[in-house]
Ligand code: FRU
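Take a look at this one chain, the form predicted alone, written out in structure tokens.
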């Protein structure tokens, strides 16, 4: 979380000079969205973070109304930030605006100077058929010694698109192509694109706005999705066969990835959703948080998302049970509000089974597996103040087993099912007294193992 005020999209996520740097959309004066700055934090292990001075503030004619999202790259030993400058051009701030792309550079990774010739990419370089105002969130990458930038946009007629540009020097850019476009069922504007290589494939990850629900999938107003395929940098096209949801919970948006010095592709996202209630805005002086960083694994043509190995160093006070025959509800003899669980269920004859977390006076957050529908259900109707709701993810048992790895924090739950085949993330705001944990089953099942660790940071 930020030190104070508002936080949204992760920006400039990079491993640079031996540390992980994470920048983020930030309004440092109030717990509400305002003219965007770039907050900045660093970490040695992606678990504990130290705050650095604000990296970017809206103080130039080309970014006076906000330094919007972007990315970071190392060039000639220096750290470069590429970001979107936002300009309100009329009386309706939600409709009358333009956007451009700008550079800032640092020799020490802390103090940044904006490029004298900003913007380096302006509205005059938007191709025909693309929105003249939604033109934002540059993500940089390198292929064969050439710099590329992908940008989120739309066609002005209800279809999101991704644009790509190329450069030899980060300062002069030419249009390379429209690499992807909505099929009409994938949202009217695409934000925060990220394109990276993983195990010989190219992965395009992005955040479609106002994407219609598809059954149990894409039930949030704004979603995240990925495509696996091949990028043709010559033709400026991305070939793919299908798209998939990134996270099946409530609160996961604008993910950004980096490649670290261990060769891992790591992703982090804003753990919030636009246009929903954020209870901490009322008297707590902060709003917004980031997810745990997750390693992305390619597995048989799909992505899995796993907690980092670094999380295990923060485990304390192990509590363990095994081989429990379960029918009805069983209170687990462990409590807490900041912990990690590893639980393995054997379905046996149960129609449904699962866990109640943060249980207290009339409060509980429920994770239920339904054997007939093969769905994992995340229900926060009784999770305290804040929005309720339910989300579902299709999950098959492995030899009759369901493996869950769950991270609970003061106001969040992150659920990794079947070693990250599906992930569900959500904010919850229960009472500080709601600390209980219980397991339940309709019909008989077995809790093969139950392990809990407090998380100490």
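Residue numbers count along the first chain shown, from 1. Treat the numbers as computed from the prediction; the structure is a model and nothing was measured.
Same protein, other form: the form predicted in complex with the named molecule, not shown, and the subject of what follows.
Undergrad: Taking 25, 68 and 191 together, does each of them reach the named molecule in the model of the complex with some heavy atom inside 4.5 Å?
TA: Yes, because 25, 68 and 191 each have a heavy atom that approaches the named molecule to within 4.5 Å in the model of the complex.
Undergrad: The named molecule isn't shown here, but in the model of the complex, which of 195 to 203, 360 to 368, 343 to 351, 131 to 139 has heavy atoms within 4.5 Å of it?
TA: Looking at the partner contacts, the answer comes out as 131 to 139.
Undergrad: Residue-level contact is defined here as any heavy atom of the residue lying within 4.5 Å of the named molecule in the model of the complex; does residue 424 satisfy this criterion?
TA: Residue 424 lies outside the contact set for the named molecule.
Undergrad: With heavy atoms only and a cut-off of 4.5 Å, decide whether residue 33 touches the named molecule in the model of the complex.
TA: Answer yes; at least one heavy atom of residue 33 falls within 4.5 Å of the named molecule in the model of the complex.
Undergrad: Hey, in the model of the complex, does residue 253 get a heavy atom within 4.5 angstroms of the named molecule?
TA: Residue 253: contacts the named molecule in the model of the complex.
Undergrad: Even though the named molecule is not shown here, does residue 314 get within 4.5 Å of it in the model of the complex, heavy atoms only?
TA: So residue 314 does not count as contacting the named molecule.
Undergrad: Ok, 285, 274, 115, 97: which has a heavy atom sitting within 4.5 Å of the named molecule in the model of the complex?
TA: The residue from 285, 274, 115, 97 that makes the contact is 274.
Undergrad: May I ask you to list the residues of 1 to 25 that have any heavy atom within 4.5 angstroms of the named molecule in the model of the complex, in sequence order?
TA: The stretch 1 to 25, when checked against the named molecule in the model of the complex, contributes 8, 9, 25 at the 4.5 Å heavy-atom cut-off.
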